[in-house]
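In the form predicted on its own, a lone chain appears below as structure tokens.
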């Protein structure tokens, strides 16, 4: 009679066979096959890990999640990683942690937070949700990051924090930003959802500020389908962040969820104003949510982490190849720029159509899309132009001309590891075809 382990190994072997038949990359047909700007890059290992976790049937965060947390912590080199169910949730957890009443000098309603106007919505939304006031500044042309030249002008006696993303994996000027942060004793949140592996001055972005965030949506450097993480050097912030992620409860017993609790005081917690003791697992010190990752996702993430170094190398190589071959069009296009201290782990290649070009962004992106080269606009552009943000309480510094230019004329194309040289050449040929018809 076969044991459970025998059956498990047979199932996983069949999963590997299934991958070869159903999931291996299909042949690329120029002009017919779609070239996505991003996508999942995986092999049989991800499927086997997923099915293995399903067989274990630990559906919530558990042993796989704990292993993934350790692997990501080792890669980034920080003390604490808090896995969550999305990058957006990671931003919510990070900002909410800084607003905790457990922090004597934490953020409070009405405090101001400096952000770039050209942002992804869920980088800014947690600021609004926590009743903080965003102060919008412009971005730099070419690298599309927060322009540090506006920081001093944005400062007021209510300024308490700076929050921004390293746009498309291109590091912001961390020397200038950290000088401002340290001079004025401010909090810093780095959104590195597009920038896993990017470095400034040899140091990973996300490790400069108080807390940082990641996303594992399929477009990003590694994927679990959904998923994200907050990470920090601070044990105190991490404990608060985990509490916010886990319904707001004070319990710190971890993923294994023992009946009696690791803490040893599960039934010895006193609630102020109530006689006797209360179960620590239902003692709440934060206003929280359920934002946990699942073990099914984490199992996929563990396989992806082993490929991360090669993914970063491929992204850099694909970016360099496209960049060099698109230089011939700089009369019409503004290609990305980056600081000499920056070592980007590129999410994508941003392109901006010059104002004096004989065509619009719409003309170019429509041509690319009609020829099966996928494009995306640079997220929300100037967030203040979006309908959802018309009535928010905020301040704005200047007229935001670069943010408007980004919204009007910027887009990006893919550099992800799933792009073969044949696909990259087709992308370049498609640009050539567009410019030949002008």
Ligand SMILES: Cc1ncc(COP(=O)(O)O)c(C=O)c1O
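All of these numbers come straight from a predicted model, not from anything done at the bench. Numbering follows the first chain given and starts at 1.
As for the form predicted in complex with this ligand, it is not shown, yet the points below apply to it.
The chain is drawn here without this ligand; in the predicted bound form, the stretch among 364-372, 235-243, 116-124, 337-345 whose residues come within 4.5 Å of it by any heavy atom is 116-124. Across the proposed site, 138, 381 and 405 without exception lack any heavy atom within 4.5 Å of this ligand in the predicted bound form. Only one of 171, 197, 209, 227 comes within 4.5 Å of this ligand in the predicted bound form through a heavy atom, and that residue is 227. Think of it this way: in the predicted bound form, this ligand has a heavy atom of just one of 96, 215, 145, 297 within 4.5 Å, and the residue is 215. In the predicted bound form, this ligand lies within 4.5 Å of some heavy atom of residue 86. Residue 220 belongs to the set of residues with a heavy atom inside 4.5 Å of this ligand in the predicted bound form.
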